[in-house]
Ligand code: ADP
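Before any questions on how it binds or moves, here is one chain, the form predicted alone, in structure tokens.
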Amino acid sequence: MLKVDNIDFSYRKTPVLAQISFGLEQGKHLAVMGESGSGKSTLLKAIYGLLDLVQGEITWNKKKVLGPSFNLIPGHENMKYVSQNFDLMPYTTVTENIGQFLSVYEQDTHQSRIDELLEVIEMTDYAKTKVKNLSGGQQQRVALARALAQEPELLLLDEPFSNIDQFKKNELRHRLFPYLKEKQITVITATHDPNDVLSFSDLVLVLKAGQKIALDQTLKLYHSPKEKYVASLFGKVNELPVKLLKNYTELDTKILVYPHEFELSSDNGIKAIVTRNFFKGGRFLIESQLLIGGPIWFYSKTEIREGAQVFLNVSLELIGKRLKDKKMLDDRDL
């Protein structure tokens, strides 16, 4: 089990992480989300043992993770960290890059292990290709396979699909994450892409300016976000006064509504004017403007003419749920 206990870290006296605490059980997948500069990469480096903490401690299976001041070669022996700098051997083949990290005492099983990993990253056809001749996305996949060579107990992934094209990215997610779950490898993925998170992670930790502002089960966090910043990491979201949705209420508060949670009506609801359409495949994301107020986003099965007036509704059930969630979260923070 990983335990991060009240850690702080600073670069040249500039705070980067502040009072971060959480635990992660073996075999679980934690996604770390946040805007650029929120501390995601720094947290992964701290967990791996690449940084000396200002305060607090990190333990893996009850053994303290020490920083570079205590280790000649920084980095925990039972973990693997895949950074955005791949650190591959450019003049050797894909097979040689992966095989370098396999045990010298088990050479008779090397090839079968390499073949298994090449299949996971969908690089079997490039086994004998030198790394310097691969694209950036292909090199990123080799870095992933190399990190998995010895089946680490904890795998730390920093934006693991950032250089990979969209088609291969989707395929790789559906191969890699179930593979890691099957092998009971604990995973922490730092990402800004909700597609890396929603279908695959068990938990989500949200960072903002180096501080933890949310930690919960993935589906629970998505359906009951603490604030707009958290919800916006998953895509467009609206923050609306309850009085706008229920004009007979006296509640002076706001709730979050995702675009897909609106229902279109022909003559009743919130009035808005369509300003732009964005084709999303099976539906359109519509940007519109409230008659009184700011922009509002919703989905439609069909394109809607710019300048058209629409009526939007949110179910009373959803409003009640969001208000209940908001009260529970507020009470928990007291």
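What you see is a predicted model, and the numbers here were worked out from it, not measured in a lab. Numbers for residues come from their place in the sequence shown, where the first is 1.
Keep in mind that the form predicted in complex with the ligand is missing from the display, and what follows is about it.
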{"item": "Residue contact check: G27 to the ligand in the model of the complex, 4.5 Å heavy atom", "value": "no"}
{"item": "Contact flag, S38 vs the ligand in the model of the complex, heavy atom cut 4.5 Å", "value": "yes"}
{"item": "Contact flag, V16 vs the ligand in the model of the complex, heavy atom cut 4.5 Å", "value": "yes"}
{"item": "is_contact(F311, the ligand) in the model of the complex, heavy atom dist at most 4.5 Å", "value": "no"}
{"item": "In the model of the complex, segment of 271-279, 41-49, 288-296, 65-73 with a heavy atom within 4.5 Å of the ligand", "value": "41-49"}
{"item": "Within 144-168, the residues that have a heavy atom no more than 4.5 Å from the ligand in the model of the complex", "value": "none"}
